[in-house]
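In structure tokens, the next block holds one chain alone, the form predicted on its own.
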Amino acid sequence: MGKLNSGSNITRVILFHAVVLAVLAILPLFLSTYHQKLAVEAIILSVFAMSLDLVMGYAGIATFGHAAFFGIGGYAMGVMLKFLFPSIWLGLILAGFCSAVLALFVGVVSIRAKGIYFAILTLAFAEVVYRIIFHSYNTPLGGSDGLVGVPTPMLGLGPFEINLKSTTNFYWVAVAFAYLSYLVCKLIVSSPFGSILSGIRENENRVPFLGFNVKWSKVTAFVIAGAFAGFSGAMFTAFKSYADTEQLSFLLSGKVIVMDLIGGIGTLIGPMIGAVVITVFESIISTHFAAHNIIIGAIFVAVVIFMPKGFLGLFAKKDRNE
């Protein structure tokens, strides 16, 4: 009977994923070009939000400088496409590598600190990276003006090539990118390593007695999250055709935390939904109110008070810790 229920659950999950992908696939056919671009941006940012959830939601590590990895990934893609080789695949590899190396450095240096002290250290490192690039005048990075004029590459898939200058094509590629990223992250959190991260989140002091190295588990999670943030930053630059210091700013680090908390941390899909909600909502209210960040902040406060588990928590049958 248990096997039948397990098979039935797998079938339902596969059917649900198929329906969601089908809806997302046909969605751009009903959207204007502007709304297609907004959808692409929201989908790319959803991967960024999910990457933060790996460390904040599953490992319980607070970080205030996650935008540094997003921004470095974006600049790496820009440098690859504009100065080295017009390949989005190579750009993604370079972006993931650079962001992962930066995350490794920040993680190793900061991991001795805990709680708010670790968060402040990540913020400090992110600010250093921001300032270095902001003041990189007379360099290919463009300083405060950013790296502009990044060419939009063709996406090679064996004998086929996809023209990413088409917003609709980029939308479909972004959906595939987000879905594959979700599957990989889901495998990670469902693995024994994911269980270690959950153990660290629940009671860090007990994990060493089980034979696991807490510090290196945290650093590993930090590096994986940094790599995925770099991938999303790379896709963002490829779509926008530029990379600028706003992709490294503290405001973006704060915004992605809001996305995670509003969607529901420790769920992967919750932060992705939060990213879409915030991106779309910000676009709507910014056309009517100049101080739209104040409104988003007020909504964030309301969600934290009345829905501490985020929107996804409203549909949870019970607390995950029970």
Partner chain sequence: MVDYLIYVILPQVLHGLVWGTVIAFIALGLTIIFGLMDIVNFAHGEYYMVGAFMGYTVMSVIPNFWIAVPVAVVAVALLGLFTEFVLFRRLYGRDPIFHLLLTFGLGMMFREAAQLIWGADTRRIEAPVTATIEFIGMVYPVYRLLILGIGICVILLIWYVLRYTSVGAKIRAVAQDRTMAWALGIRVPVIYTSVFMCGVALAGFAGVLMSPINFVYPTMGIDVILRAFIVVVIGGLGNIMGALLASLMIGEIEALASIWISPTIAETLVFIILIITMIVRPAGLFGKAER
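These numbers come from a predicted model, not from an experiment. Positions refer to the first chain, counted from 1.
What comes next is about the form predicted together with the partner chain, which is not displayed.
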Check: in the predicted bound form, which of the stretches 83 to 91, 225 to 233, 171 to 179, 117 to 125 has residues with heavy atoms within 4.5 Å of the partner chain?
Finding: 117 to 125
Next item on the list: Answer for Val258 alone: is it within 4.5 Å of the partner chain in the predicted bound form, judged on heavy atom distances?
Entry: yes
Next item on the list: With heavy atoms only and a cut-off of 4.5 Å, decide whether Phe250 touches the partner chain in the predicted bound form.
Entry: yes
Check: Even though the partner chain is not shown here, does Met56 get within 4.5 Å of it in the predicted bound form, heavy atoms only?
Finding: yes
Next item on the list: Decide whether Val109 counts as a contact residue for the partner chain in the predicted bound form under a heavy atom distance cut-off of 4.5 Å.
Entry: yes
Item checked: Ala113, Arg131 and Ile305 all contacting the partner chain in the predicted bound form, non-hydrogen atom within 4.5 Å -> yes
